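Only one chain is shown below, in C-alpha cells, and it's the form predicted alone.
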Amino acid sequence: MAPYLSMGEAHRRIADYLSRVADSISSSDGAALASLLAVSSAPPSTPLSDALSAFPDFPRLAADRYPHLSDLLPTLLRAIHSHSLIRFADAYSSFEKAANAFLQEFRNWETPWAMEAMHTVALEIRLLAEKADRELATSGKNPDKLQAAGSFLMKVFGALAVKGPKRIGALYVTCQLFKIYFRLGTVHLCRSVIRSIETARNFDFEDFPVKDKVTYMYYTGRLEVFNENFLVADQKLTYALMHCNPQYEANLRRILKFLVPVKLSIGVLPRITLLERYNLLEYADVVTSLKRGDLRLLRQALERHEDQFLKSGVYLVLEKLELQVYQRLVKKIHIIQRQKEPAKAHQIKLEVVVKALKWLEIDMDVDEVECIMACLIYKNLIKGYFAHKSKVLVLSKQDPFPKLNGKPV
C-alpha cells in the first residue's frame, strides 16, 4: 500500500509530469517524450501513479493547464492510473484515445522529430492490448483489444507511408503489426502491408534501420515457410540471421528455429554443435535420421516434439523430410550392394527395401514401397526406372542420387 500523500504533493507531481510532456513537445525532444509515453513497463506503484490515486480530479487539471493538449493528456493520465490499478482493459481503452490524439498531433508536425515517441506509442498499444486481452479472457469476456490495436497501427502506417522523411518509421510499425497478426492467427493480413513496403516507390528498403529490417525479414521469412516457399524463406531468414546483432543470442535462436527446418527441406544439414549452442536440440534426431536414412528415428523425433513443432508451424515442413530419408536409405542399400555384387549394384530389389524398413520396425509391403520409389523418381531424388514384373528398381549409372543443391523437394 502506498504511503499517505497530501493533495498538495500529489498536485505537484502531476503538474510536473504534465509540464515535462508539454515541454518535450514544445522543444521537439523526441527521446524525452518517448520515455514519458511508456506505460506498460511501469510497476504498480510509482510517484506519479500514487499521485493520481490521491488526486482524483487529475483529468480536469490536465485539460485546464494545457487546453491545446486536452485530447491527449487526460486520457494518457487515465491510462497510467488504470494500469497502476491492474485494470488493463481500462488502461488500453484510455491509451488508445491518447494514441489517436497523439497521432493527430504527429500528422501536423512537419518533421519526424517525434518518430521515437510514435514508435513508443506503437509498441505500448500492442503491449497494453496483450495485457488487456489476457484480463478479458480470464474474466470470460471477448478479448478484442489486440485486434483494435492492429486497426490503430494501420492508421499509423498510413500516416508514415507517404513521401517525406516520416516514411523511415514505417517498417517499425509494420513489424508491430506482424506481431499482432501472428499472435491473432490472422497472418493473411500481413500481405497488404508487405505489398506497400515492397512495391511502393516511397520506400527504399536499405534506408530503414537495420534492426527493423532484421525483424521484417524474420516475419516475412516465417510467412514464406507457412506458404512452403522455402527458397524465398531461406533468403529472408538468412538475411535476418546475417544482420542480427550477434550479442542477441535469443534473437538468433528465434531465427534459427525456422531457418533450420527450411535448410533441411533444401538438403542443407546443420552441425550438431550449432544446435547445441542455440538450444535447438529438438532438431538433432531429425538431422541424424537424414544422415542415416533412419525413418523410424525421424518419426520418433516428430512424435516426441510434436507439440513444439506444431506450435511453431514447422511440423509439416519436417514431415515432408521423409522423402529425403527414403532417398538416403536406398543410397545406403546401393552402397552395401555395390560392395557385395558390383555388377548388380544399380539393381535394387524392392524386397530388400521392405526388409530394411522392417529392420527399422516399419511394416510395408512391396506395393507400398514401389509407390514411394515412384515418388522419389518423380521428385528427382532418384534417377532410374522400374522393372515392374521383377519388382526391381534400376538406378541410373550416372548420378543415381541427385543432390538437392538448395532446391526444395
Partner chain sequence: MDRRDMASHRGRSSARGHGRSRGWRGRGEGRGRGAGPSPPPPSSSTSSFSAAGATAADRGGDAPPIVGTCPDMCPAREREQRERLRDLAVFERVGSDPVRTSPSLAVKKFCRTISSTSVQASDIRPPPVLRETMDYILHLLDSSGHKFEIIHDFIFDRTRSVRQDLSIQNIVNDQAIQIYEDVIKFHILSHQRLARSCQDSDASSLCYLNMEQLTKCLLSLFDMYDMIHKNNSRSSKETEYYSFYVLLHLGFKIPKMVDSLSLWYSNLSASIIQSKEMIFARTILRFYHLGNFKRFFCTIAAEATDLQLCLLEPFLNEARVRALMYFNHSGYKLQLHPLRYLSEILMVEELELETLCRLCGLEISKNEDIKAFAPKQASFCLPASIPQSNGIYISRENQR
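Positions refer to the first chain, counted from 1. Just so you know, these numbers come straight off a predicted model, no measurement behind them.
This protein has a second form, the form predicted together with its partner chain, left out of what is shown; the following refers to that one.
Legend entry - Single option in Q235, Q300, N251, Q147 placed near its partner chain in the model of the complex, where near means a heavy atom within 4.5 Å: Among Q235, Q300, N251, Q147, a heavy atom within 4.5 Å of its partner chain in the model of the complex occurs only for Q147.
Inset, instruction - Work out which of Q104, S151, T111, Q339 lies within 4.5 Å of its partner chain in the model of the complex, going by heavy atoms. - result: Contact check passes for S151.
Inset, instruction - Decide if the three candidate residues R195, K320 and M364 all line its partner chain in the model of the complex, where lining means a heavy atom within 4.5 Å. - result: Yes, the whole trio is in contact, each within 4.5 Å by some heavy atom.
Inset, instruction - Decide whether H388 counts as a contact residue for its partner chain in the model of the complex under a heavy atom distance cut-off of 4.5 Å. - result: H388: contacts its partner chain in the model of the complex.
Legend entry - Contact label in the model of the complex: H346 to its partner chain, heavy atom within 4.5 Å: Because no heavy atom of H346 falls inside 4.5 Å of its partner chain in the model of the complex, the answer is no.
Inset, instruction - Indicate whether A161 is a 4.5 Å heavy atom neighbour of its partner chain in the model of the complex. - result: So A161 does not count as contacting its partner chain.
Inset, instruction - Using the partner position in the model of the complex, report whether Y378 sits within 4.5 Å of its partner chain, counting heavy atoms only. - result: Y378: yes, in contact with its partner chain in the model of the complex.
Inset, instruction - Please name which of the stretches 177 to 185, 237 to 245, 68 to 76, 255 to 263 has residues with heavy atoms lying within 4.5 Å of its partner chain in the model of the complex. - result: Of the options, only 177 to 185 has residues within 4.5 Å of the partner.
Inset, instruction - For the heavy atom contacts within 4.5 Å of its partner chain in the model of the complex, list the residues of 19 to 35 involved, in sequence order. - result: Contacting residues: none.
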